[in-house]
Ligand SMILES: NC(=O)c1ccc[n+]([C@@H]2O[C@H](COP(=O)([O-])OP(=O)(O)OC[C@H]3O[C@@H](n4cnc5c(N)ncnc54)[C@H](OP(=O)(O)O)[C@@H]3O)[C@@H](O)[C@H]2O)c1
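Take a look at this single chain, the form predicted alone, given in C-alpha cells.
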Amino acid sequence: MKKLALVTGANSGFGMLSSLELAGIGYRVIATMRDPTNAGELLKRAEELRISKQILIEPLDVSSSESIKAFKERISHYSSIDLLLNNAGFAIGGFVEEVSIEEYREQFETNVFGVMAVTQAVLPFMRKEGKGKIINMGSISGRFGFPGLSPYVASKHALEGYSESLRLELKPFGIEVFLIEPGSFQTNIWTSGKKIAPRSLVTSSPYFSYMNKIESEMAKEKRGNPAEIAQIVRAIATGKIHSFRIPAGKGVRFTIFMKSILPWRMIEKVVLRKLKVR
C-alpha cells in the first residue's frame, strides 16, 4: 500500500508544489481546496509529470464546520493517513484600530481553527497506526510582529504555540510535528490571497500614508522560489529532516537571530527607520 498524504490549500503555491513533490516520491495525495474547479494548474502539471493517478482532488473549506464534517465522512474509509500538510491560509492586513473583530475572527478561522479542525480529523488515523507526520505552514510573521499585518501576525503566532504543544503531545505516540517558517516567497498570499481592511486604504485614514509605506516596502522585497518549500516538505516526508522549526527564505534565520539578541528598543528603531516613520 502506498503512503497517503493530505494537503490543504493545494490549488496553488506551496500546497500545489508540495502535492506534486509528494506524488512524485510515491505518495497518494488527497489534494484539498475550497473550490475543486481551481485544480486546473495542479492537474495540468501532474499530467506533465505523469503522476496524475497519484492525486485525488477533494473539496474542503477549512473554515467551515460543515465542510470539515462532510470531509471527515468521506475519508473515513481510508485505513491510514501518513502525512498531513496544513497549508491553507490567507492574510488580512490593516491597522489595529481599523480592523474589525469580525476580520480578526475570519483570519483565525482559516489560519488557526482550520488547522486545528483538520488535525483533529486526521489524528485518529495516525494514532491508531502509531506513526505519522504533521506539517504546519507557519511564517516569519509567527516570530516577528510586522506593523500593518496584525491579524495575520497574530494567527501565525497562535500557530507557533499550538504547534509546540502538539509536538510534545504527539511525540510519545510516534507522530512527528513540524513547523515550516517561510519568509517572503512568490505565492499568491501577498496578492490575491491578501485582504487589506478597507478603512486603512482611504485617504482620510490617519494610517493611510503609513500603510502606503508598508505596501511599498513589501513590493520591493525579493521573493523566493516556492519550490524551496516544496523541497522541504519532500525532505520531511523522506525522513531527512527531523527538526521541529524550519525557517526558510532569504534573511529569515538572520531576522529570528537578531530578534533573540537585540533589545526591543533597537528593533523598533530599525523597523520604523526603514519605513520612514517616527
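When you see a residue number, it is the position in the sequence shown, counting from 1. As the structure is a prediction and not an experimental result, all values here were calculated from the model.
The next section is about a form of this same protein that is not shown, the form predicted together with the named molecule.
Residue-level contacts in the model of the complex: of S200, T119, S150, T187, one residue has a heavy atom within 4.5 Å of the named molecule, and it is T187.
Looking at Q54, you'd find every heavy atom of it more than 4.5 angstroms from the named molecule in the model of the complex.
With a 4.5 Å cutoff on heavy atoms, R34 counts as touching the named molecule in the model of the complex. Using a 4.5 angstroms threshold between heavy atoms, V62 counts as touching the named molecule in the model of the complex.
In the model of the complex, G93 stays away from the named molecule, with no heavy atom inside 4.5 Å.
Figure note: of the listed segments 121-129, 94-102, 165-173, 80-88, the one touching the named molecule in the model of the complex, with heavy atoms no more than 4.5 Å away, is 80-88. Taking the named molecule as positioned in the model of the complex, the residues of 134-158 that bring a heavy atom within 4.5 Å of it are, in sequence order, M137, G138, S139, Y152, K156.
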